[in-house]
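Here we start with a single chain on its own, the form predicted alone, put down as structure tokens.
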Amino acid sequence: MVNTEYDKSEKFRLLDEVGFRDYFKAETWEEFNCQFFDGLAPKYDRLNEILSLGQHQRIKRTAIRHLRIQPGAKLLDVCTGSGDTAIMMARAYPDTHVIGVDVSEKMLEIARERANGIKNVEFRVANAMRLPFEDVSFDRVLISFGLRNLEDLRAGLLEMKRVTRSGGFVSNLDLGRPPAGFLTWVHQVYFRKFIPWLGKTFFHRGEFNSFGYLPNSGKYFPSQAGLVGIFQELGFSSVCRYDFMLGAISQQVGKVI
């Protein structure tokens, strides 16, 4: 059996390690998360460009194709952020209906402005742990670079599964871990040293360094193999894994039966 490498209780150490408790005034994980992403919203798209070396749009297009979206499908983009994935799907599949949800109103302001004039996409404030939709409401449910930010990723995946129809798919796209060796060393230097330095030096200049959150969060986030194991553990079938950038980014797709 694959080691799923995840203990949600340990994840709360992250609040102290990255300075959330010093910089934000909140009582719950959800409140910390909302304040963090409200502040990150103006910098979010630039951060994605840097982290993916300019490849994140191409990777997301490929990840969407893995979902085999059918005409007339109803699609849900969880933790939609600035809405780029939801808008990408709405444009590529104009006969579908896409809903993007996020806890950050600041992020959704950007998403709505970006989606102006696109008729088949809408954005709502919602917590991924308590989606405001009935059971089996969607044909495809996806989350991109958001699962690591949930208080309990297993509960989050089960909530996404709950709102997915039988025969539909749930997809996660997030950072992965390259295979052991030189690539692992490069990956660690890039994410744990260069990215926080870049954020502190050029993007924040004394402000809370949100670029330091991502590498630290990786300590409490499973590898792509671990995530496949969690998908299987939660009852998804035909779980597939797709690696990008030599495993630095990875997608898992599970079928709901």
Ligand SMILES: C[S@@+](CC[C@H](N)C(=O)[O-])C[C@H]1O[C@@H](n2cnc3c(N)ncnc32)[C@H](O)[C@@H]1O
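Just count from 1 along the sequence shown to find any residue number. Predicted model, so just to flag it, every value in this text is computed and none were measured.
From this point on, the text means the form predicted together with this ligand, which you will not see here.
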> Any chance S171 has a heavy atom within 4.5 Å of this ligand in the model of the complex?
Replying inline: no
> Can Y220 be called a contact residue for this ligand in the model of the complex at 4.5 Å between heavy atoms?
Replying inline: no
>> I'd like to know whether G176 contacts this ligand in the model of the complex, with contact meaning heavy atoms within 4.5 angstroms.
In response: no
> If you check in the model of the complex, is F145 within 4.5 Å of this ligand, heavy atoms only?
Replying inline: yes
> Just one of I110, I87, V163, V103 has a heavy atom within 4.5 angstroms of this ligand in the model of the complex, so which one?
Replying inline: V103
>> If the cut-off is 4.5 angstroms on heavy atoms, which of these, I99, L150, A73, A115, is the one near this ligand in the model of the complex?
In response: L150
>> Please pick out the stretch from 88 to 96, 163 to 171, 75 to 83, 133 to 141 that is in contact with this ligand in the model of the complex, where contact means heavy atoms within 4.5 Å.
In response: 75 to 83
>> Suppose contact means a heavy atom within 4.5 Å; in the model of the complex, does that hold for all of N33, Y44 and A128 with this ligand?
In response: yes
> Taking heavy atoms and a 4.5 Å limit, what residues of 35 to 61 are near this ligand in the model of the complex?
Replying inline: F37, Y44, N48, K60
